[in-house]
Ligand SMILES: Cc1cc2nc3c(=O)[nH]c(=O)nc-3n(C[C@H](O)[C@H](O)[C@H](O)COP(=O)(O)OP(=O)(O)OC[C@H]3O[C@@H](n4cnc5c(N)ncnc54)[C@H](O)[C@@H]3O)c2cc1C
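Shown below, as structure tokens, is a lone chain in the form predicted on its own; questions about how it binds or moves come after it.
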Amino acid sequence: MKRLDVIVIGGGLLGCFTARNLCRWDLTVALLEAREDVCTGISRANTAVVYPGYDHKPGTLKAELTLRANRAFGMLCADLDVPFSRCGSLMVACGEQGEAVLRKKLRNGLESGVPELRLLKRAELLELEPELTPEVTLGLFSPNAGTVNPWALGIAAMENAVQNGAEFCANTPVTAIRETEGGYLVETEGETFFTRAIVNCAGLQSVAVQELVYPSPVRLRITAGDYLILDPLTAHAPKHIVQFEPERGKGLTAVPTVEGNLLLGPSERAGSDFGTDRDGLDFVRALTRKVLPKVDLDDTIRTFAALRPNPERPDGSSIKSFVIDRPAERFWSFLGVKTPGLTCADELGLYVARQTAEALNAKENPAFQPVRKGIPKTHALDFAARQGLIAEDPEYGNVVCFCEDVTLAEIRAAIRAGANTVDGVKRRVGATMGRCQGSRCRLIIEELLREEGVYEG
């Protein structure tokens, strides 16, 4: 039986960053993930926005962590070698009710200490973002909002955790948890672990995992949302994140991603799987035509759906704050963490890691290394740097994914770094993400997975 100080259950963004931050102390840590890779649940699909912090009630933990996380996000991504764009955001309204919401968010932001917020009138908005509809009446500008690739961020955090001594266990669903002297016995389909402490980061299954050993104070209501992804060559794409605050109902978020695509969404509907909905996609298209009328929706190259856990009290009332339950001294659960979960993943992970280290009387780890180096992306290199890589490894000169300019060497590196499916390769180096969506390169990637000893079913 393997004995550990801490087991983290769930390999989404929260689980990966919790494991990474636990490595800041002298602790033995394992991350157990039910599926074949990290970031295959909630973290695989979201709006990818790094929020500035004006959306939350001043003085709350959510407001505090969002502001702190936003300030540090550039350094975090630099440490983890993950692209980050601080492109700024415009939340816009087309009427009095929406304007009232913007003014409230401005007050919240100023009270919380969010820097450089300001309201812009129509002429200023259209000068800053000419793709907007002339019907806009007011906008809230935040130059500190940004966007990041959620997969890249989670994978980097996991790899850095492993680099610092954590163990990653894929295909290891937890089937039972039992309290025992000094800790817990955690049963999986493959083996049983003993651990002194547990951090439950199981996302959509977080309530079910907690209820293996303790009652849950909340239940999760799952909703779905639909998104469109447009080709990087899309004309008239906005340069800033655009958020539309409607008079009533769900709004629109348009994100110029770090890869150069335009991401549009989400709808909001009942749903419990990652399948898209025609009405939901039509809703996104209709709002896009209203808010960004010059954007050509014929440039859509992909649609996808996301799932969001909404924590509720037993009486059905909604919970707006982060739910971090601690039913026992050495057991923590993140129950239904949603927006701004991506923004706050590192701060939330550190928040619970500190409490865990204190509960276990752990000393700081002086050897902790926060820097992780990712797979070189040839597409981002100039000619001389690319030629240097090819001189070291000729497979950097063999392009496999022509849409995204991904080479054979990058795909091999992704597989050797842990990708065991085509999606795993996509999440690490971007192959199959372009206009043809893998129709030309997928078979080659599958053959490489077999060649490297990984079977793709």
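Everything numeric in this text was worked out from a predicted model, so none of it was measured. Numbering starts at 1 and follows the sequence shown.
The discussion below concerns the form predicted in complex with this ligand, not included here.
By the criterion of a heavy atom within 4.5 Å, residue 308 is counted among the residues contacting this ligand in the model of the complex. This ligand is not shown here, and in the model of the complex it never comes within 4.5 Å of any heavy atom of residue 430. Residue contact check for residue 35: one or more of its heavy atoms lie within 4.5 Å of this ligand in the model of the complex. The shortest heavy atom separation between residue 340 and this ligand in the model of the complex is within 4.5 Å. Here the chain stands alone, but in the model of the complex its contact with this ligand, taken as any heavy atom within 4.5 Å, falls in 38-46 among 22-30, 38-46, 389-397, 403-411. Scanning 172, 112, 85, 261 against this ligand in the model of the complex with a 4.5 Å heavy atom cut-off leaves one residue, 172. For the options 139, 154, 203, 349, the one in contact with this ligand in the model of the complex, meaning a heavy atom within 4.5 Å, is 203. Contacts between 1-30 and this ligand, taken as any heavy atom within 4.5 Å in the model of the complex, involve 9, 10, 11, 12, 13, 14, 15.
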